[in-house]
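Only one chain comes next, encoded as structure tokens, the form predicted alone.
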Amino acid sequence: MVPASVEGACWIVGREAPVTVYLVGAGPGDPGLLTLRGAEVLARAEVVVHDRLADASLLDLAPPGAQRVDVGKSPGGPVRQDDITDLLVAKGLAGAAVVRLKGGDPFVFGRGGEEALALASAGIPFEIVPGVTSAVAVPAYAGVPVTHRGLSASFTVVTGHSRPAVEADVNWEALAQVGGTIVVLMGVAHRDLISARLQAGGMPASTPVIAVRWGTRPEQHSVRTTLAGLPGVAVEPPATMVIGAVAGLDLAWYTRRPLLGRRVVVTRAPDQASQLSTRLRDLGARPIEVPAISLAPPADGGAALGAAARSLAEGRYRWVVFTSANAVDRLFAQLRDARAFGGAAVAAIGPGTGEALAAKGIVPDLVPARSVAEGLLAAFPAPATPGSRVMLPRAAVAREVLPDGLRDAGWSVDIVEAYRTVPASPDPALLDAAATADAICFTSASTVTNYIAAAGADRIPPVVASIGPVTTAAAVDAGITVAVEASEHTVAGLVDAVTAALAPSGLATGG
């Protein structure tokens, strides 16, 4: 029978009051396993109460001004569940949009039911956003299906978190008789007792077992054994154990990613880092985002850019030359739409800049084979009429090779400040983590200069990857050895270069 308080709370959710507390499952570790609904509610959260199992990158989905409360650790140890529940109730009563971000699924050994009951008793509207449970995801990432025709038609999920629970709360002998697959969460410390009782129930000593530590994360590592050998294998928590015939299957895919477990520092500005981080993460790496720069508005507040945009719409430019996707975004923010270009031709340095233009409805007339200023100058036409005008929206500080070369060719060049790159102030803890990483990616000369200023030249990871020759030159000038430079001066090219440097065989060595 449902308590009246729960019925009342559910009725409020459905018919009158807006939801104020969301109990969201973050999944077992891989941030890509967060559900779309989870991402939606995080995007409008005012308070995020998260535990230690939630991937830190998921917190970036919340608005910058949202309060983030870590209840997974404190100077005296983990925060008590009663204190967490009281916090949710207090924030909910205050009317804040609260997301309780929990590892895995809130209702699978996540104590989400306790939190929901407390919210219901307080009359606070809530919503449960299910998450991908480690009981299914971790075996999948290890290449083990929990069911498989001819091997297992069912699976049972149990917890082995405490010795009393293992001894008294679970009938292991009965589970041994049921058959199918047994998935044990948080049971590594008691694997000796679990093994003994399953064998006492009649499960063969030769039954395959796989223990997966840090499943779905770049640190994932698996140990394969048998039920008899389980007590003696070297495995530490947190780990998920799969016991049954399916554990003998090895459909490995995640551990074959070429950068599995590698830690790579990403130095791009925060609003640009996601593309590079996502590509690295897809290859199994753990990106460490330490922005060396941030993007700021022009010093004049955009007055010159606005004037140039009006001149463009009036047809006063023969060419517009873009050297970065940032310049594309800033200029288009001043335009009504792509029609403002009229008869002006458009050039883009680098395929990434070209893609940014294409996303705005502009196909560049010129993208040089070499993604540097010198490459563009070699391909750029001479003006039909000397003094014809070229607009060059760019960062406040940049090389003068391009405008000087265009002027030498007979063009009149208007350099327009579209944005500024300013030094960031990285978190010292991130700099410490980055110092022991496997590689670092530099995407511009300014990222090199500013990162070294913040971290020091003696705290650079052993493998330095550069996006192109200008960036490489800045590193060399600073006394940094560049291990690899992208042959294609794009994010994709940079990722290919890092992959070649860290995993030349194309396969990861992790288990």
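Model, not experiment: these values are computed from the prediction. Position 1 is the first residue in the sequence shown; the rest follow in order.
Keep in mind the form predicted together with a small molecule is missing from the figure; the text below concerns it.
The candidate site formed by 41, 99 and 128 is entirely out of contact with the small molecule in the model of the complex, as no residue has a non-hydrogen atom within 4.5 angstroms of it. In the model of the complex, no heavy atom of residue 244 sits within 4.5 Å of the small molecule. Contact check for residue 238: a heavy atom falls within 4.5 Å of the small molecule in the model of the complex. Contact annotation: residue 217 falls within 4.5 Å of the small molecule in the model of the complex, judged by heavy atom distances. Within this chain, residue 110 lines the site of the small molecule in the model of the complex, having a heavy atom no more than 4.5 Å away. You can rule out all but one of 132-140, 145-153, 84-92, 247-255: in the model of the complex, only 132-140 has residues with a heavy atom within 4.5 Å of the small molecule. The single contact residue among 290, 186, 391, 398, judged by any heavy atom lying within 4.5 Å of the small molecule in the model of the complex, is 186.
Comment: the small molecule is not present in this chain, but in the model of the complex one of 209, 348, 441, 212 has a heavy atom within 4.5 Å of it, namely 212.
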